[in-house]
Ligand code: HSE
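Just one chain is shown here, as structure tokens, and it is the form predicted on its own.
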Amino acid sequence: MKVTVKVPATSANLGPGFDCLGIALPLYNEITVEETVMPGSGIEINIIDESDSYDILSIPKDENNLAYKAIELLYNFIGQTASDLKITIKTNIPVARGLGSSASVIVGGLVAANELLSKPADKALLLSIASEVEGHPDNVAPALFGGFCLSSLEEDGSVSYSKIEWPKNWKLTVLIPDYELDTKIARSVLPESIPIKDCAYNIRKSAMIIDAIYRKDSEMMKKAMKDKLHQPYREKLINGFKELNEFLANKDDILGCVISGAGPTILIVSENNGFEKVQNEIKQIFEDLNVSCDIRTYEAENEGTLVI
């Protein structure tokens, strides 16, 4: 028996919502989990790059694979051992680009294995296990549930979350550069402590962004997608981000420009074809900096992980 699921890409933080806000995008990985025919054959992990454009050599094919780690925790929960499994990951989500590639395989492995085991875990437990493996729920929540999610990893290991409808006329454009940025490196540049005034700033902006999305308030959204916790420190790792922000400041119908997750992908939120109006100038900015990037515009993905 085998189960295949498809899991969307995600963009986390959206500026101020560090480690707690995220949104799903219609770009998918497929994960298949199946029981091997021969007992004692062990674990087999196959990685297939369907886009044929991203480096997948860094993805582990042993017990260190994130999908397997998540599956192992689920099996342990029901008192079984995750042995004699074949895991196949078809990747379309760029690796190490800030689009939730790790979250997708964690969630995909969990959901597929849960189906294989006749659903011993509910979605709350799956979200908790996924957050434990990932370290935070900002990507795994929208990967599992779709749409825009607010999530919080609680002290007891559970995850509280809320899904809010994303305005249909707000487009999401991702600028995916042709280089990777390891999340560990992106986190290493963050300071160990933050001034209280910067924390207060982000609390205000996080509250504003949730309210803006809930009320579909474009003017509020323009004021909300600001950050002082991580972007000022990470922007030096992301070619073109500072220049792009300066160019887009006060542009009509551009609601915000932020680092997607830990980067290096940049996320632009716009309405009324706002991005299309300035895309040629944006392309020129990156050409002048000798930065090559793949530019894609999406609507929010609202379904989350689906069993195929």
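The structure displayed is predicted, hence computed values, not measured ones. Start at 1 and count along the sequence shown; that's the residue number.
Form predicted in complex with the named molecule: not shown, discussed below.
The closest non-hydrogen atom of Ser83 lies beyond 4.5 Å of the named molecule in the model of the complex.
Interface membership of Ser104, defined by any non-hydrogen atom within 4.5 Å of the named molecule in the model of the complex, is ruled out. Among residues of the shown chain, Lys171 is not one whose heavy atoms approach the named molecule to within 4.5 Å in the model of the complex. Not displayed here, the named molecule is approached by Glu134 to within 4.5 Å at the level of heavy atoms in the model of the complex. When the named molecule is considered in the model of the complex, only one residue from Leu244, Ala70, Ile254, Ala262 comes within 4.5 Å through any heavy atom, namely Ala262. Proximity to the named molecule in the model of the complex, defined as a heavy atom within 4.5 Å, holds among Lys223, Arg215, Arg187, Lys119 only for Arg187. Of the candidate stretches 159-167, 192-200, 137-145, 104-112, only 137-145 has residues with heavy atoms within 4.5 Å of the named molecule in the model of the complex. Residues of 1-21 placing a heavy atom within 4.5 Å of the named molecule in the model of the complex, in sequence order: Ala12, Asn13, Phe18, Asp19.
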